[in-house]
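Two versions of one and the same chain are coming, encoded as structure tokens; call them structure 1 and structure 2.
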Structure 1
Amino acid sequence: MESTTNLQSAAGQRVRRKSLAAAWSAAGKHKYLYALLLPGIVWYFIFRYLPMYGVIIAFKDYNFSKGIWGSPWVGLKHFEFLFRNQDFFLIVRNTLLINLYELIFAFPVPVILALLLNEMKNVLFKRSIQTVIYFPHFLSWVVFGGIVIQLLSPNEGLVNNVLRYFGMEPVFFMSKSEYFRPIVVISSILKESGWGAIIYLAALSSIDPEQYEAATIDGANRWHKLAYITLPGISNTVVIMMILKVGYLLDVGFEQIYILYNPSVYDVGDVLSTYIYRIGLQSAQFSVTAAIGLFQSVIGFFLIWSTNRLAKKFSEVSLW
């Protein structure tokens, strides 16, 4: 009995040694390809995987001189601190609300734009519109936010000039809490909706034109075609984009908020990422903010996972 297992393991070792040798010779055969691969792999290790390992400082009292590994373990102390902290709930609420408004008001706009563009048969007109509505995507948030702030400026902005023209009092839009979220959502719509339509236009262009021809022969009108061909044709893409969006419910565009907010609207505008930046990097509370970051990614992953399951259940579309 023993001798046979010995024999087997010896054979196993021989096979393993053989496959290892084969792997080495394959590696040698492709050595130039592996050489091309190596710099990228190393980059991913240093700038993407090491920071993931760095997340353990959320369970430590991080101290610069002792480094990530040398700092003492403190278990869940920082998480307990967060969950007892009033500020933390305010910031989670702000993050969720801004994203929820974007989901309700901004998410449908690119879909509608793509559907409208798809109805236009005049190529020149369609292209000109596309050129204009893609453009703001290529401006930075400093530039676009700067434009928004100038437009809403109480003394010099276009919006207040128009209000004054109609005999109304100028409004200090940027320093009023009640206007902050609408400004964020509307500026996102203006900057990114046109660009967001591209993905739906791609989905629309992959619908077989024969379907429309057949429907025309069957006497379908414009609405019939929209309801029975076009919408089903892009519904998969819409569901996938929705899943992605829900997955990022705890992740609001950092640059946009950073540019648009100011201390007088922190109560409604401070979101997780801006809070992490202010508390973590400006006040050097590394461990607490790493804990927030970890909380954010765990919840985000759970959200993606669960919406994906829901999507699978109801529409047979999913990310995986």
Structure 2
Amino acid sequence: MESTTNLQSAAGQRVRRKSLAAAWSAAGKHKYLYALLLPGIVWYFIFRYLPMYGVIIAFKDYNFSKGIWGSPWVGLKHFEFLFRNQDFFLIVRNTLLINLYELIFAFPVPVILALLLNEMKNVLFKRSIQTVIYFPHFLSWVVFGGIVIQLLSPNEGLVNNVLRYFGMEPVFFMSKSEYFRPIVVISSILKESGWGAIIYLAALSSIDPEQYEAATIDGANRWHKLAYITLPGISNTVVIMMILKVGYLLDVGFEQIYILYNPSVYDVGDVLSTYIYRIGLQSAQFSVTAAIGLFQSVIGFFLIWSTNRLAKKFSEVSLW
């Protein structure tokens, strides 16, 4: 029995040595390609991994003069403060609702845009449309948010001018809570959907054209090709993007909300990122903001892990 175990252990070691040798051989063969990874790895290490060290102030009463290690430990005091604070749950609710609306209404738009662009046969017209819909991505939220606010202005905004033309009263959209979330979602669609379509266009380009030719010979029309070739061809990409999007359910972009909201819509527009800005930078409660950031990260990891498990179970597509 012992000799059999020793033989299995020796065989396992030989397999591991062969795998390691094969990995080193592949690394040496493609060393220039792996070298291209180096700047990205360095960037992630400096800006994503090193800052994790600062998360320990979530368990301390951080004092700037004493530094991170000199500040006293307080355990879960800041988490208890958050979970007893009614404003915190309101802010979490706002963050979740805005992200859920974007998941339902904004997520499908890049897929639809990519499918429509893929059906265009006039190359010049297709390129022109692509340029127009990509352009808003390159504008900052300061500029794009200013355009949105100007369009919705009650005095000179285009939308209210149209309402006046049809005999309706102008509406102060930016100060009414019921319009804030739709404005956030629609502005996200206008700014980022065109850019997001690039990923799906890349996925569409990987579909073998012979499948379409064979379907044409078999008498399939455009709808049949869409349903049985195009959509299955990009389904894996859609699932992966959905998993990544779910992981950000507690993370709304700070710039967009900060530019668009104002005190009259705090009840529906205040989200975790703006709350962190107010508490952390304006009130200097760095430990509380670190606790919020850690809470976001833990929930985000759980969401992305559970979504990945569900996707793997039902579609056999997953991140790992």
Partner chain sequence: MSVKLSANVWIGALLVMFAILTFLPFYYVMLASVSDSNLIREGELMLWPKGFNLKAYGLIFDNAQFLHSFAVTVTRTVLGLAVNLLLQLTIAYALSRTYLPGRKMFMIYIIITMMFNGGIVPTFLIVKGTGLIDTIWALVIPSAISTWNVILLRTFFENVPSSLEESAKMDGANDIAIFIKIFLPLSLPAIMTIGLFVAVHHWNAFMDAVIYTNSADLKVLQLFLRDMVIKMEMAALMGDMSAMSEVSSLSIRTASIFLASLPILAVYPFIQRFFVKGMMVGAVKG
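For numbering, take structure 1's sequence and count from 1. Only the largest set of C-alpha atoms that superpose within 1.5 Å between the two forms is called the rigid core. Note that the structure is predicted; figures quoted are calculated from it, not measured.
Working note: structure 2 is the copy from the form predicted on its own; the remaining copy is not. In the motion between the two structures, where one rigid part swings relative to another, the hinge among Gln285, Val92, Val132, Pro51 is Pro51. Comparing forms between the two structures, one finds the smaller rigid domain rotated against the larger by 27 degrees.
Superposing the rigid core and comparing between the two structures gives a CA shift of 7.1 Å at Val42.
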